[in-house]
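For reference, the chain that follows is the form predicted alone, supplied as structure tokens.
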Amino acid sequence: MSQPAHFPELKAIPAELKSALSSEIIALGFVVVENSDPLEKSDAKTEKEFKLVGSTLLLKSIAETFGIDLLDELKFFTPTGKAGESFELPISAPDTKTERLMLVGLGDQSIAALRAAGATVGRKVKGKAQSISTFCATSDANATAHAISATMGAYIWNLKSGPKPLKPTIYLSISTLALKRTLAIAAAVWRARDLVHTPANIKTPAWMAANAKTVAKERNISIKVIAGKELAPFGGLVAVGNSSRKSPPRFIEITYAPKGSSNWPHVVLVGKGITFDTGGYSMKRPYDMMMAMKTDMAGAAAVLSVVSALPELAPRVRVTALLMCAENAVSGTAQRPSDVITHFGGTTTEVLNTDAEGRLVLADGLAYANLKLKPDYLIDVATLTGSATLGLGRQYAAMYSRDDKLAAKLHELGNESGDRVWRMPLINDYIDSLESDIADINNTADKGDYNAGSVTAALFLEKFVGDRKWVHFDIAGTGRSEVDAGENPKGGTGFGVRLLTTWISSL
């Protein structure tokens, strides 16, 4: 499958020293351990000890080749040992290309620390035609996490007319099998980010459908796109999407179902795909809140990208992704506050606020999945509410589910993959917030004034999932980064791809 533009070349290192010396930069991990003499008093002064991570043969060979004492050099920098901290040494030796040795802090050597170190490595070669060999992980599981984060740190995207960013090469101390998994997931994260970063004058619902068709063709998987009059049963998608005559809505269904998969567990992923969100007639205030609204389709980008990775990962799971794509514009055909719409399956919703549009399109997708696809697991991913960030910030996505076992597993895999999620409560006492005098439910869920917007939005969605094992991820905080740091650029993060590919592979 073709890789996203500028995606780094990832290569396994077959012979540690030879491959390392063929790159301009060698990245070695180090840890700092503070020890005190146990025979001394408890307040005895601690001394820092430095340890390098990597095979003894590799470390010895590098020291001999370049004529340096690595530990002595490291002490000169007085490192703290924080994960991702880095120091560089200019080095050279005959018959080598290596120009620098990069020492990268591994903190407590946890998966999270290895990811932070990976992001540092990736950022070092971001947009450059340089090669770097990294020896910061000692197992395939750790190396995979480290390597995916390295590609995330190297991510770059723009539409500038000048010279294009160059493509780096990252050599990894990793097995061939783990490298294959790394490439699939990392490329999927890049794909999601590219989709999110694309501006809305390019990224219409039809453009999203064209990208989905490209994925389907490359991966030899099935796809169905519904548009125009055929969308009539999808009342939420039509109500939101018909606001833009130039960029009308699309329902996109793409399925990974290899031969013999009919008896495998069936997972349906539903992604919110609002390609731009003005708020409609309930326009966003202040207006600069709209600047980031090209990212309001991050959920759809994530679920499409997950499906794009599955043929390489080859899980024994059937997966269908539903992309609910529309633009929420202001026009003579836009829905109005006080409208009543009929969703797929017949449930009616009173529209009190046209800026609560994401749940309207998701409701159609969830109802369609429940009634037509009958999945074993039903997952939706959406940049749904600003409320989700109030308690969790931008480091954790809000997760809602009635299934304790499933929620616990996703929380665990979120910590493992780097897409961290925190379970939030579905509070039955708040269900009356959905009441409407003229329809089955209202879309703002603000009756009763509970001040729990993310919770009541999840309760709204739950009305459409039947008895399925359902999970809702509100990624309003995690789907977009406000700063360019660590794994993430400023803008789309590709959140959800690592978690969902890891979870699906575990079923």
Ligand code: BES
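Each residue number is its position in the shown sequence, starting from 1. Note that the coordinates shown come from a computational prediction; the quantities given were computed from them, not determined experimentally.
The form predicted together with the ligand exists for this protein as well; it is not shown, and the discussion that follows is about that form.
Asker: Just one of 194-202, 246-254, 426-434, 347-355 has heavy atoms within 4.5 Å of the ligand in the model of the complex; which?
Answerer: Every other range fails; the passing one is 347-355.
Asker: Of Arg420, Lys284, Arg100, Arg219, which residue is found within 4.5 angstroms of the ligand in the model of the complex when only non-hydrogen atoms are counted?
Answerer: Contact check passes for Lys284.
Asker: Please pick, from Ser149, Thr383, Ser305, Thr275, the one residue with any non-hydrogen atom lying within 4.5 angstroms of the ligand in the model of the complex.
Answerer: Flagged contact: Thr383.
Asker: Verify the flagged residues Leu28, Arg115 and Thr144 against the ligand in the model of the complex: is each one within 4.5 Å by a non-hydrogen atom?
Answerer: The answer is no: none of the three residues contacts the partner (heavy atom, 4.5 Å cut-off).
Asker: With the partner left out here, check for me: in the model of the complex, does some heavy atom of Leu183 sit within 4.5 Å of the ligand?
Answerer: Result no; Leu183 lies far from the ligand in the model of the complex.
Asker: Within 4.5 Å, heavy atoms only: does Ile156 come near the ligand in the model of the complex?
Answerer: Answer no; every heavy atom of Ile156 is more than 4.5 Å from the ligand in the model of the complex.
Asker: State yes or no: in the model of the complex, is some non-hydrogen atom of Ile91 no more than 4.5 angstroms from a non-hydrogen atom of the ligand?
Answerer: Flag for Ile91 set to no.
Asker: Is Ala458 one of the residues lying within 4.5 Å of the ligand in the model of the complex, judged by heavy atom distances?
Answerer: Answer no; every heavy atom of Ala458 is more than 4.5 Å from the ligand in the model of the complex.
Asker: With the partner left out here, which residues of 279-308 have a non-hydrogen atom within 4.5 Å of the ligand in the model of the complex?
Answerer: Those in contact are Lys284, Met293, Asp296.
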